[in-house]
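The data below hold one chain only, encoded as structure tokens and taken in the form predicted alone.
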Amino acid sequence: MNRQRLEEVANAMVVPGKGILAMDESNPTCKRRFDSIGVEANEESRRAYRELLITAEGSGEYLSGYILFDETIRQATRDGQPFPEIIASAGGIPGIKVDKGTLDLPGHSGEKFTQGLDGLGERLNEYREMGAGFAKWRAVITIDDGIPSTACIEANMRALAMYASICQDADIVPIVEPEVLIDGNHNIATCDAVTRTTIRSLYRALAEQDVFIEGTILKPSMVVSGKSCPTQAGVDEVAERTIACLKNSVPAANPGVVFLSGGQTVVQSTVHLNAMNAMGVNLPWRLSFSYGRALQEPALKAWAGAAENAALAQGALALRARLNGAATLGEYKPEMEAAA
């Protein structure tokens, strides 16, 4: 394990003013998104769309890294330049999703367990040779009647810790992602309690696995009301509760927290991140973003599968990257949404 290298990459992922574009959708997820704009999802259409995202002029100024899918890290531009090389040449860091999705957790109805540890070391060595500097693994925690169970939380956090340890042995920075789903009618207090319990369990597991915390990045969900809750918490409460939760749960050695958007709207995810960074609280780690849909949605709609719309789509991505970059500094303003 090269601790110096891991720490350097982790800090580069959360430099002020920048965040991470999550473009690691599996093929079925990509198909659902393409279906929404009436575009057939095949290897070439996925490649063309991903080239559009990676080569968007201006977005690199606000993006430190790009999370890729296995298919994507192997793809290239139309003129044959591999995607990881394009990212690196623009000063970004290529990353790779390495979990293999979720299964039903045996004996625990409604709960999931993330798979993918088998053969992970060999896959990581290959990805490192292809240019990957970091990886991502997502655990899913559902709030509902009687869940999440302690068994579900601890099983998923132990898997995250094992993944993180294997990553670091391969000199790849692990993003650890314990996502507390927004689905449900629970209130923000319930989300707060579950998120605290989950993150505390994660860091216990990381400590037991002797993971080098300075060479990791945390990707949590924000503390928000359930999507179906009749009372939705305001921006200030989301910001205050999320920061309090993190201060209570995340060690100071962690370099940064990159939030997932997790079902929030494009604008909500930006506003909430900005509110946290505008609070003026002295925090030991940086607060940034690792958004997928919240960065891509405007670009996907603008593209609509037409090559002639590429520049328009790239402009939409660059705008969202710039606005979220401003939010990492607490400098986002609503009127910036109207920028061309």
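Here the structure is a predicted model, which is why all the values come from computation and not from measurement. All residue numbers are counted from 1 along the displayed sequence.
Just so you know, the form predicted in complex with 1,3-dihydroxyacetonephosphate (13P) exists too; it's not on screen, but the next bit is about it.
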| property | result |
| --- | --- |
| Contact flag, Ala22 vs 1,3-dihydroxyacetonephosphate (13P) in the predicted complex, heavy atom cut 4.5 Å | yes |
| Contact label in the predicted complex: Arg241 to 1,3-dihydroxyacetonephosphate (13P), heavy atom within 4.5 Å | no |
| Non-hydrogen atom contact Glu111 with 1,3-dihydroxyacetonephosphate (13P) in the predicted complex at 4.5 angstroms | no |
| Proximity of Met157 to 1,3-dihydroxyacetonephosphate (13P) in the predicted complex, heavy atoms at 4.5 Å | no |
| Among 116-124, 190-198, 247-255, 136-144, the region lying within 4.5 Å of 1,3-dihydroxyacetonephosphate (13P) in the predicted complex by heavy atom distance | 136-144 |
| Contact assignment for 1,3-dihydroxyacetonephosphate (13P) in the predicted complex, among Ile182, Ala161, Leu260, Ile93, heavy atom within 4.5 Å | Leu260 |
| Sole residue of Arg47, Lys301, Lys31, Arg293 within 4.5 Å of 1,3-dihydroxyacetonephosphate (13P) in the predicted complex, by heavy atom | Arg293 |
| Within 4.5 Å of 1,3-dihydroxyacetonephosphate (13P) in the predicted complex: residues from 190-223 (heavy atom criterion) | Lys219 |
